[in-house]
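Let's start with one chain on its own, the form predicted alone, as structure tokens.
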Amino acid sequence: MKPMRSAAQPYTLAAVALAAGWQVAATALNTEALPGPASVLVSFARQVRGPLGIHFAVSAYRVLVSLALALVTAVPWGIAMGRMRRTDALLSPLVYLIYPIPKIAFLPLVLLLFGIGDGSRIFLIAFILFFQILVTTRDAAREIPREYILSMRSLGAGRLQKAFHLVLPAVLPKILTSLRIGIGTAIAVLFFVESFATSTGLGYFILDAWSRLDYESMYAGIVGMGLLGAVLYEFVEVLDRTLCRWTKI
């Protein structure tokens, strides 16, 4: 129980500081567009077991599937590019051409290919995260000292053994770092893709409340989106502490 309390303490302090600043701003501006944190939390608590909870679950599903899809596709390609010069020489120019393009520009094409359902939203988020994870994984795989590879080769390790027992553990910390960064990107893109042609998700909930001038519900949705990001970030922290214990020595 003690580790749980110590882990929750920074979040409690941050929440108190944020609520204090929020209350000061609400009092100073004195406008219905910025209600105080107490009334927003009451609205959040009232709706979280109803519509807000449903929208939260839908958004969480979309982000989790997108993150998983980006990981399982980007990590193998990143390792291959980092460890195979010919593969890197062939694919790097393509990555350099596509990576700087705002992926939102592909939205019309994505909608034509996948329709306006969850498929298009999940694909677009995963597509954006793919390149972040790919480049980070490739660079991490490049940085593995050659001596480590030669040591395993001298022990008779095959390609798959080197991949699973050396390369993957070596790049895993950087992959998790890119995943932390990707969570913020995923939440931002999530709001965008849920702001049109849908009636579910936190993005829809926030904009619907805004259109009805229901500011307390709007901020309750924003709080929900912040909680979603915090939960995902903490999940990655748990993975880091579990899978990368040697980096914590």
Partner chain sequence: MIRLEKIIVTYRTDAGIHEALAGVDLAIERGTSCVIIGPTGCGKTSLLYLLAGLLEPASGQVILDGRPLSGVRRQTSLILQQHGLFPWKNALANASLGLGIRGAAREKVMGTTRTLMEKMGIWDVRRSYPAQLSGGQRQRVAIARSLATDPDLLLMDEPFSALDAMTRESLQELFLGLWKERSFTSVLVTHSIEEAAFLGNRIVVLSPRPGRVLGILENPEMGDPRYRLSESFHLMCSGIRRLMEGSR
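Predicted model, so just to flag it, every value in this text is computed and none were measured. Residue numbers count along the first chain shown, from 1.
One more form of this protein exists, namely the form predicted in complex with the partner chain; it is left out here, but the text below deals with it.
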Tell me, please, which stretch of 73-81, 133-141, 147-155, 117-125 lies within 4.5 angstroms of the partner chain in the predicted complex when heavy atoms are compared? 147-155
In this chain shown alone, the residue from 95, 176, 111, 170 with a heavy atom within 4.5 Å of the partner chain in the predicted complex is 170
Evaluate residue 161 for contact with the partner chain in the predicted complex, applying a 4.5 angstroms cut-off between non-hydrogen atoms, and reply yes or no. yes
Check whether residue 91 has any heavy atom within 4.5 Å of a heavy atom of the partner chain in the predicted complex, and answer yes or no. no
Residue 165: heavy atom within 4.5 Å of the partner chain in the predicted complex? yes
